[in-house]
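First, one chain by itself in structure tokens, the form predicted alone.
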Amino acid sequence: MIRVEDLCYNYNAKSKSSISALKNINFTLKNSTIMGIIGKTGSGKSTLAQLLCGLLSPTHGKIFLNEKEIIKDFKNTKEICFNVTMAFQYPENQLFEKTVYDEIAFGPRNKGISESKIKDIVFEVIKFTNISENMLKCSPIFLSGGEKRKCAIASVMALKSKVLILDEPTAGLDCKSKSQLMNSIFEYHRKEKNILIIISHNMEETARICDKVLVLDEGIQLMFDSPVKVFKNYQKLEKLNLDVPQTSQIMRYINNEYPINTDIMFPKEAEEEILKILNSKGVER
């Protein structure tokens, strides 16, 4: 479990030019939960992620992982990173090892895992990320953009941390690659039963896989609830220039003419609901 209590963070906290980035953030995530963090640029999403994995220290408030307070109760930043792992936006820019294999094995090696076990881990995570075995001997530098992204995601998966944070994991990818990568991440999460936190501007992805959604605006927590309840407040989200899932928008438009369930966010459920209305009107498919 991860618990955040009255979390605040100020940049340049000890100077007169102090800037408040986060104000009184509170939430609890139990094991096997997926949380999406959404908000416009500058809302504090990445700052929150860096606080969760110990790269920044709170100005005020506390973060607990299984009742141990991050920063105070862990030995060092390295121990925190083994428990809370983060892949930054465009993580492929941080690839540095000679081969894809060594890139994926880097974290487990630093964790002190044996080479035989590391090999098993590497071959396990490449299956999740659809990396071919032939690619393991290649230099990450010569991979395509999508392949680099998969390599970077695989390297954080290999740590098998209790909490995995992904900052815009599908940014810059085409539609097919986005779908494949998100499905891989979801399957990995189902197997590991860890806490998965995803920062995203893609509301379709957020609605599809997240159990909870945290909405930030200028460092303030506006909402923390299920995707259905969060996206039901579409008027608030629109004021923040945030979209809602397209299916939700379509259902609202239909509701202007026919009474229909506007809480639906997925195409298959929408199809079934629309067919019910058509059947009730005597319209053939």
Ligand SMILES: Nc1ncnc2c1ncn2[C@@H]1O[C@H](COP(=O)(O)OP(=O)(O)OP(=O)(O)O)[C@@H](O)[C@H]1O
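Numbers follow the displayed sequence, beginning with 1. Keep in mind that this is a model prediction, so the values were computed, not measured.
Missing here is the form predicted together with the ligand; even so, the following discussion is about that form.
Notebook entry, point to check: Thinking of 41, 44 and 201 as one candidate spot, does the ligand come within 4.5 Å of a heavy atom in every one of them in the predicted bound form?
Noted result: Checked in the predicted bound form: all three residues contact the ligand.
Notebook entry, point to check: Looking at 205, 168, 102, 92, which has any heavy atom no more than 4.5 Å from the ligand in the predicted bound form?
Noted result: Residue within 4.5 Å of the partner: 168.
Notebook entry, point to check: Might residue 11 be said to contact the ligand in the predicted bound form, defining contact as any heavy atom within 4.5 Å?
Noted result: The answer is yes: residue 11 has a heavy atom within 4.5 Å of the ligand.
Notebook entry, point to check: Is there a heavy atom of residue 21 no more than 4.5 Å from a heavy atom of the ligand in the predicted bound form?
Noted result: Heavy-atom contact with the ligand at 4.5 Å: present for residue 21.
Notebook entry, point to check: Exactly one stretch in 44-52, 256-264, 62-70, 242-250 has heavy atoms within 4.5 Å of the ligand in the predicted bound form; which is it?
Noted result: Stretch with heavy atoms near the partner: 44-52.
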